[in-house]
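Here we start with a single chain on its own, the form predicted alone, put down as structure tokens.
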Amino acid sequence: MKAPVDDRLDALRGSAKRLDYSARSLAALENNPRCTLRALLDASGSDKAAIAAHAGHPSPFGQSAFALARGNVFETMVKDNGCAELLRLLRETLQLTLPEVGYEDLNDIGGDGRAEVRHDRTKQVLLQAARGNGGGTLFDHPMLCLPVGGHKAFLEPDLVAFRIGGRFHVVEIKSFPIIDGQADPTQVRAATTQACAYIIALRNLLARVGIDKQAVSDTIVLVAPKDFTNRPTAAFVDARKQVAALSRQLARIERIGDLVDLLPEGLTFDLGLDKDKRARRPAEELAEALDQVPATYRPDCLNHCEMAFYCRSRARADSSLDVLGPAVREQFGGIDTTTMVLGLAQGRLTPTQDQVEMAAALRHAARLRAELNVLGGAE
């Protein structure tokens, strides 16, 4: 029997097919933990891309076909011949002792690629390895399952999980380069956060049979091209903080009923799809529904959320400081809008007790700017 909160989430989604969580969508929860709109759309399984497009703010979200193809080619090279290149990296670059290696491909089981079948086999071989009863060291494309908000989320790592020294590690294979030992911090963070979903799912699998979570390391192995070549290199990345942050967000999803209870009665994001999957609901009506849910926009939402352009437009219309990013927002504690900032700076607004110090700093900055403008004009 469904819980009342599930019925309410179904009503939010409406007639559209439910979209399940993926590692990418779970990682996005950690990137913007304060956004209620994102949490509700994901928990209800709503199609964020379709909703944003119908509301008038389509997003070119997702990887390009070229990037996907390049990533697949690089991953295939790393895993070719039983992960020979990966083994070289583990032994030479990371100085790991792997005297004997067993490799198991979990892409499909006897020609059966269904998620449930692959998950059952993944569970079998990983538990055997954890108990020391199996010969597997490397596991290619294991199919993990993580309960999220009462629903099963099947997570298929485009990686290999390996076991050494009694602990499993997650390997993320990415096609962005590591140049002179450095990679783009934004891309590294995205890869690490996505890997955190796999770490949590693997820990959940083992915990069900009483195996401590420490059996899964929260240090991931990042494999990427070295410099401007296609030759791979590897590095350890500490993911402890992000694992903890994503765990908190998953706990928040379990309490999604608290957010649902705050919604207006009858609220829905249903597009009213016809038999040809075309939205019939007026775009203005959909926008009004979306506007009834708090959204927290940040500039980096453009990298990971389909609703980003819609939320940016909304934040700009509200003169929200969110459009300037969290660093600026934090500097103006207790002040929410650019209108309020300018009003305090120009002395047109009377500051509250909590805003007195900030108001004085803003008026001082305004005076300096005015003086510089005068000097510039004199020249």
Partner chain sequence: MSDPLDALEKSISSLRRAIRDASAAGDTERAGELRAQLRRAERAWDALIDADEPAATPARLEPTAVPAAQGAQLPAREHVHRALMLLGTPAAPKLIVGVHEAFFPGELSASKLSSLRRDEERSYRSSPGARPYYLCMALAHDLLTPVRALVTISTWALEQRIIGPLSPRVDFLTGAVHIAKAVHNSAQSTADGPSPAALRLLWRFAVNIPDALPRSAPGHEGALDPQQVIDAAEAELEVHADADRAVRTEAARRARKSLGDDQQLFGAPLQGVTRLRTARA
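Numbering follows the first chain given and starts at 1. These numbers were taken from a predicted model, which means no experiment stands behind them.
The same protein also has a form predicted together with the partner chain, omitted here; what follows describes it.
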message: Can you tell me which of 146-154, 73-81, 198-206, 257-265 lies within 4.5 Å of the partner chain in the predicted complex, counting heavy atoms only?
response: 73-81
message: Exactly one residue in 128, 219, 186, 292 has a non-hydrogen atom within 4.5 Å of the partner chain in the predicted complex; which is it?
response: 128
message: Quick check on this chain: which one of 238, 284, 212, 108 has a heavy atom within 4.5 Å of the partner chain in the predicted complex?
response: 108
message: Taking any heavy atom pair closer than or equal to 4.5 Å as contact, tell me whether residue 252 reaches the partner chain in the predicted complex.
response: no
- prompt: Does residue 120 reach the partner chain in the predicted complex if we count a contact as any heavy atom within 4.5 Å?
  reply: yes
- request: Tell me, yes or no, whether residue 278 is in contact with the partner chain in the predicted complex, where a contact means a heavy atom of each within 4.5 Å.
  value: no
message: Is residue 101 near the partner chain? Define near as a heavy atom within 4.5 Å, in the predicted complex.
response: yes
- prompt: For the stretch 305-337, which residues lie within 4.5 Å of the partner chain in the predicted complex by non-hydrogen atom distance?
  reply: none
